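Here we start with a single chain on its own, the form predicted alone, put down as structure tokens.
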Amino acid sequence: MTTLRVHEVCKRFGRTVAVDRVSFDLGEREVLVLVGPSGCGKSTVLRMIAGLHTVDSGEIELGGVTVSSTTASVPPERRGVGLVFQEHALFPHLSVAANVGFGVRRGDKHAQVDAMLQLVGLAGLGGRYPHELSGGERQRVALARALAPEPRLLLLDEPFASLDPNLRTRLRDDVVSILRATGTPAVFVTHDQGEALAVGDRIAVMRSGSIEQIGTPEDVYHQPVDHFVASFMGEAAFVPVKVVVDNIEGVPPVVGAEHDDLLMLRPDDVTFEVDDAGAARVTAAEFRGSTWCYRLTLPSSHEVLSMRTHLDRVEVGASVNPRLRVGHRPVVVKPPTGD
């Protein structure tokens, strides 16, 4: 069953096209991540779903009912949608418990608030006020407040952007666990590629107001549809197909590839053996804690990256023979268009 349907939605601000014919569906219990660079339109899409922005064309349906179109718009408070923003947006004069219970309109409010605080790991803190909490605790309160009315859909707009990396990762994992436990479908906006890969059942990569690709994290990362998606979703080297076939052992011919196509190689795709007679050379090495990332320069002057364990130290300047790792298949993409 489809919880949310966004169909051919467009939004302009003056002469600027913020969202251009965006379409996607969201299933029950599914988490969809909208990811892309700043200004690509992802937050605008979220705000149209919430009812905070009208649509200029297209339709948005929740549970099979049209809530946004050019002829009708259901107010935000009647959409049954929960919102979590980067800024927390808590009421500073209300206690944690009062913030969480603010949108609860039926049932035993006290019991529901206690259950939500327990769920987000803040049991016993209901009497505190927002200024008495850490940033991570305030974001947990915001999540509890959004979930307390049992929304049909949860919308999260860069909810962890203001947190330090360690707290961000821990809170992100907790939020995903909570969404799974409650079965709440969600649309999650982020500009962080790693966060998108970790959170989403599916990912929609946006650029200049449009969706470039939508699919599972594995598909978007390993089978990008174009150069933009390939480079945005993670480190990659791009080598002309002809050069790669000539210089990296084990790369099969690519059927249907044109001469100016590029072969995308992620750092985990490439390995190498040190060989004094090797045709390539290690030109840089970056220590990343558990791994080393090596930059290899081919005889053609093109460069590829190779990730190896931190125990496998190779000196810069070493001659090597690069090759594809077993089981990794090359992906061909078109060169960037320059727009």
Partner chain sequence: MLTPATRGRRGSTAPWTSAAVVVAALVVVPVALLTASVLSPSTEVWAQQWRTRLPGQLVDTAVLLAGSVLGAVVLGAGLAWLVSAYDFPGRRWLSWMLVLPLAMPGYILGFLTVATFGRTGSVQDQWRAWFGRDAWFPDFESTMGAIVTFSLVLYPYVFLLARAALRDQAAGAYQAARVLGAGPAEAARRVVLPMVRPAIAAGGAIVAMETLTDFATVQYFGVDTVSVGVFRIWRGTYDRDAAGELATLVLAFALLAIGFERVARGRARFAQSGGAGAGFDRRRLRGMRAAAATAACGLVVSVAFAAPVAQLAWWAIDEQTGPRGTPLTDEYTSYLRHSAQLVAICVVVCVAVAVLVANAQRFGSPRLTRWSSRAIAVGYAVPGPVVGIGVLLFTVGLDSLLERIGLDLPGVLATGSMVVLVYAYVVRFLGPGFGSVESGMTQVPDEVTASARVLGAGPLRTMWRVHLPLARSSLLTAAVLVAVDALKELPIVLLLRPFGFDTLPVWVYNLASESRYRQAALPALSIVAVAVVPVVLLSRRLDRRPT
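Keep in mind it's a predicted model, so treat the numbers as computed, not measured. Numbering follows the first chain given and starts at 1.
If you look for the form predicted in complex with the partner chain, you will not find it shown, but the lines that follow are about it.
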property	result
Partner-proximal stretch of 196 to 204, 219 to 227, 126 to 134, 143 to 151 relative to the partner chain in the predicted bound form, 4.5 angstroms, heavy atom	143 to 151
Non-hydrogen atom within 4.5 Å of the partner chain in the predicted bound form for each of 267, 290 and 295	no
Contacting member of 83, 236, 263, 175, with respect to the partner chain in the predicted bound form [4.5 Å, heavy atom]	83
Selected contact from 282, 55, 304, 32, since only one has a non-hydrogen atom within 4.5 angstroms of the partner chain in the predicted bound form	55
Residue 105 within 4.5 Å of the partner chain in the predicted bound form, heavy atoms	yes
In the predicted bound form, residue 314 touching the partner chain (heavy atom, 4.5 Å)	no
Residue 231, heavy atom within 4.5 angstroms of the partner chain in the predicted bound form	no
In the predicted bound form, residue 164 touching the partner chain (heavy atom, 4.5 Å)	no
